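In the structure tokens that follow, a single protein chain appears in two forms: structure 1, then structure 2.
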Structure 1
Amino acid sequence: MAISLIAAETNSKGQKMKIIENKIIVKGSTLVKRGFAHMQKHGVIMDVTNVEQAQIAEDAGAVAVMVLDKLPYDVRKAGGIARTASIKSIVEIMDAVSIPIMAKCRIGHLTEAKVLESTGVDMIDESEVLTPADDENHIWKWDFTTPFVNGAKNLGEALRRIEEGASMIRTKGEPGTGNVAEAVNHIKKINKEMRQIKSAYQDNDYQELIKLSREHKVSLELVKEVGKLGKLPVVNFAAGGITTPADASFLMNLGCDGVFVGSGIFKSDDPSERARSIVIATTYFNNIKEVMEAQKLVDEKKSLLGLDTKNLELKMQERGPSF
């Protein structure tokens, strides 16, 4: 199986068909959307706020850039309401770099997402880093031609986002803290919950699979697919608090397909070196000698000092609809 097409909505409005010379051309199909995420694998997606940062990211070897108005660390410091980035910044960055451009919209904010789709961003992140706009529902992502990535702190959240049409999952972690611990907790929790499903699937324990699907509040079909594959049916990245090459390697070793780095690079005092070193450590994650060489490129005195996740005023991972 090259790519899982489970839970694909058959009447998806985001899927556009046309015929050229008797051949059907399909845009926005589940295969094309999830396929895009597969191309990001083993890569580093970097948060940027302007053209200069986007170019540093591209030169360092970022697989894509995520455009924000403020980096997550600055979102915390500024307080107030965090919204999607200015269209002007997004377009300027599109004209400056050749790698894919992603941008964040507020959870549930359908119009912000539609606007981002019109600007032509390659992927939309429905993100808890911004202030949620709907306490009840996430965006129904099947209505979009552009693929979405969503955050999750456990398997149930990940699978519910996939049912809503997300083409890629990332851990939530605790953004803007420079502390990788929450991302580690989330991926370990997801891995543990997947192992439980896999073992029930292998034992052919139908009763247990039904119980698990109720526990995670998702369809049995999707739970069975996880059991069969032993992993999520879409690409799964780590995000939240990654600051050093060693952080990236650590999360890759826990089974992530790639990493997002938010504040870790451009809130440090050595962004170019740090960006490059995190790219190297992500590719060579299981080669400790390469990771050590990458770690040599950064100076700990220049790392984002960070925040203690225990005493945060704002826990971004807790925001948004609970279902």
Structure 2
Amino acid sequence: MAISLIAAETNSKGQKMKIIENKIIVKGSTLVKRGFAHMQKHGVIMDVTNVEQAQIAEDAGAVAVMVLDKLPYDVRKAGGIARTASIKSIVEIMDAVSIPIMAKCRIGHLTEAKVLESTGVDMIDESEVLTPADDENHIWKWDFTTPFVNGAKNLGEALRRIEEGASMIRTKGEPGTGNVAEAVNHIKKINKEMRQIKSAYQDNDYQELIKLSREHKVSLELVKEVGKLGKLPVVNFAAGGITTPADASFLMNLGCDGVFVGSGIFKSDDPSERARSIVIATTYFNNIKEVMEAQKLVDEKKSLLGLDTKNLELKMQERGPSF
């Protein structure tokens, strides 16, 4: 399948060229960044805090790991305060596993992102799970060679992050709760808004497309691309509260390209079995017999205790700039 290059910034600072044996090698192009994200499709990316968890994730079949100092559940217990993981932990995990390594930086924290890029991580997540550093701006991701993933709870947020250079989008959900409800709400809202754009595009209603581009505060070109494709021009994963194989299958059937999961695995009493079961359910999401077999691998009594997302003191999905 072709990778959309709409909304790419031409001659961005993040694109690097080298000449090796009379051949031009390009790093950090839009094609390379979005292509890397496409390689993760239909897979599970697991939040980890140490080598042991990373090895469990790799053994379970995760396509990548996301390194944090604290899992979202523990961030909640710490009052919402969290910064990027220690470089020592990132390097130890990079040495211990062979799958791609991702890491989170605070929203708007340019220096944290540059430090992570210097460590050689494969993708950076500008994440609301960490304490936002800038209440007005996200990072201008075109200036980086390393691809970025950003969270979104509606289509406008997703498209604005793509215009800033994000190569992957994930639903924000409500991480660390064991409650998948918000992730479901977000993907359904994004899908509904994309159907509205697709309908206007198919009807050649450019006045409506212009109106929608203004409502979402993004370029007309990007809105037209969504209408043409019927989906986002980058990979879109689910995240936030995924705890069981059935959760993963549910979100995949709603149109997600893969899932992020962390607290739901490593705050349960059966992390190895749960990790493997969620990988199976994500891979075979539309085969209910496979999902049932995956569900048999876990015991609900060993699951992360869920939180009511409607009465939380801290809502991570609301953190960071609204624009």
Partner chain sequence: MKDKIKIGILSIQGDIEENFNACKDALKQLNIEGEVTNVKDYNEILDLDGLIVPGGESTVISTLLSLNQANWKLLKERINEGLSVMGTCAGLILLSKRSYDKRIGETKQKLLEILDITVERNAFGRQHESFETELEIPLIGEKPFKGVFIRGPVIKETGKDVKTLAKYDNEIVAVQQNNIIGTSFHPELTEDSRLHVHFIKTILKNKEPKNIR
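Note that the structure is predicted; figures quoted are calculated from it, not measured. Counting starts at 1 and follows the sequence of structure 1. Throughout, rigid core stands for the largest set of C-alpha atoms superposing within 1.5 Å between the two forms.
*Asks:* Tell me which of the two, 1 or 2, is the form predicted alone.
*Replies:* Pick structure 2; the other is not the form predicted alone.
*Asks:* Once you line up the core, how about K301: does its CA shift reach 2 Å between structures 1 and 2?
*Replies:* The answer is no; the displacement is under 2 Å.
*Asks:* Does superposing the core leave E21 with a CA shift of 2 Å or more between structures 1 and 2?
*Replies:* Shift of 2 Å or more: yes.
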